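This document opens with one chain alone, in structure tokens, the form predicted on its own.
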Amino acid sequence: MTAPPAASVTSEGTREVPIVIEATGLTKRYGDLTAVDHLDLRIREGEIFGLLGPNGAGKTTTILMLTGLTEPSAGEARVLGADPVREPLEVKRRVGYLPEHVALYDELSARGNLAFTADLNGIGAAEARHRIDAALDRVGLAVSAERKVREFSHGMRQRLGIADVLIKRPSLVVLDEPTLGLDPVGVEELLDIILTAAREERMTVLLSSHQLMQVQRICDRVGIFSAGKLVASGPIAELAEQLAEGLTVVEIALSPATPEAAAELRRIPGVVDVTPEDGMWRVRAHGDVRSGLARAVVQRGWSLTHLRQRDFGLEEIYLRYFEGQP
């Protein structure tokens, strides 16, 4: 049995967080199609990491390789210290995986489904009862424990899928499009369940999704996939800083909105450029120049209707990497 990755101590005496997932050059080809192309990825213990990209970008194929459900064409991976190719059972023992389409037994009750999973994982009867009650309570299905799953709504099935993953108390949870098909309220509730479980159970989570707002809401870091390649990775704040190229971006709307007015704004110390955007001017500058902009507008007797420092969200970051792509 492979030992779990041990935490090391840095020269400064601080604890270095163990790496839970490490992929190097991971590649998967299907004939002439390269689904995943030389993926390098590291995810540390306790992170919620979002794999973000459109359908067909390579997210699910990456998950299948990391969970030992398909072999890579090249490269290698370690998951909780184990090789998914040579030690798939060890990986499955310690990883909880919720696929896009949840596999449940419709003729069994919610409790019956979880009991079946507990038995498959060698959990004793008394311990299984305790874990099942806790999991059902966590996902809000305690009152529906004895109902047949065929009577469940889509949202209830997704909740039960999360409970099924939590039964074996995994160190790593992998979720592939867990909110697909849910209404907005159901999405928020499921994301809260995932976030709370991850923090309270000290789990690492790998979340695959093409829903930007969902990824931004709960993920510590994101990896953006495009055509099988990981084109960007990091905390959203860092990716936003890269997008701004180290400059502060300010939106300003004023009257008159003339080229002459824009030329005046360009003369303000620190301003790099002023460009029109969506009926306003976008000002890029070294540092916060809002007070200088406002002062210039007042001194010239213009009308100021909007002034805001712009923080780039995940949607703008995502679109930046997919500009010009179908």
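Computed from a prediction, not measured in an experiment: that's the story for all the values here. Residue indices: 1-based, along the sequence shown.
Beyond the structure shown, there is the form predicted together with ligand ATP, which is absent from this document and is the topic of what follows.
field: One residue of Ala296, Ile48, Val274, Ala35 in contact with ligand ATP, assessed in the predicted complex (non-hydrogen atom, 4.5 angstroms)
entry: The option sitting close enough to the partner is Ala35.
task: Could you work out which of Ala57, Leu39, Ile43, Val283 is the residue within 4.5 angstroms of ligand ATP in the predicted complex, going by heavy atoms?
output: In short, Ala57.
query: Just to confirm, Glu177 within 4.5 Å of ligand ATP in the predicted complex by heavy atoms?
result: Close contact exists here: in the predicted complex, Glu177 approaches ligand ATP to within 4.5 Å, heavy atoms only.
Proximity of Thr61 to ligand ATP in the predicted complex, heavy atoms at 4.5 Å: Although ligand ATP is absent here, Thr61 would touch it in the predicted complex, with heavy atoms inside 4.5 Å.
query: How about Glu100: is it within 4.5 Å of ligand ATP in the predicted complex, going by heavy atoms?
result: Yes, Glu100 sits close enough to ligand ATP in the predicted complex that at least one of its heavy atoms falls within 4.5 Å.
- request: Could you confirm whether Arg131 comes within 4.5 Å of ligand ATP in the predicted complex, counting heavy atoms only?
  value: Taking the distances in the predicted complex, the answer for Arg131 is no, it never comes within 4.5 Å of ligand ATP.
task: Counting only non-hydrogen atoms, choose the one of 259-267, 287-295, 27-35, 274-282 that falls within 4.5 Å of ligand ATP in the predicted complex.
output: Stretch with heavy atoms near the partner: 27-35.
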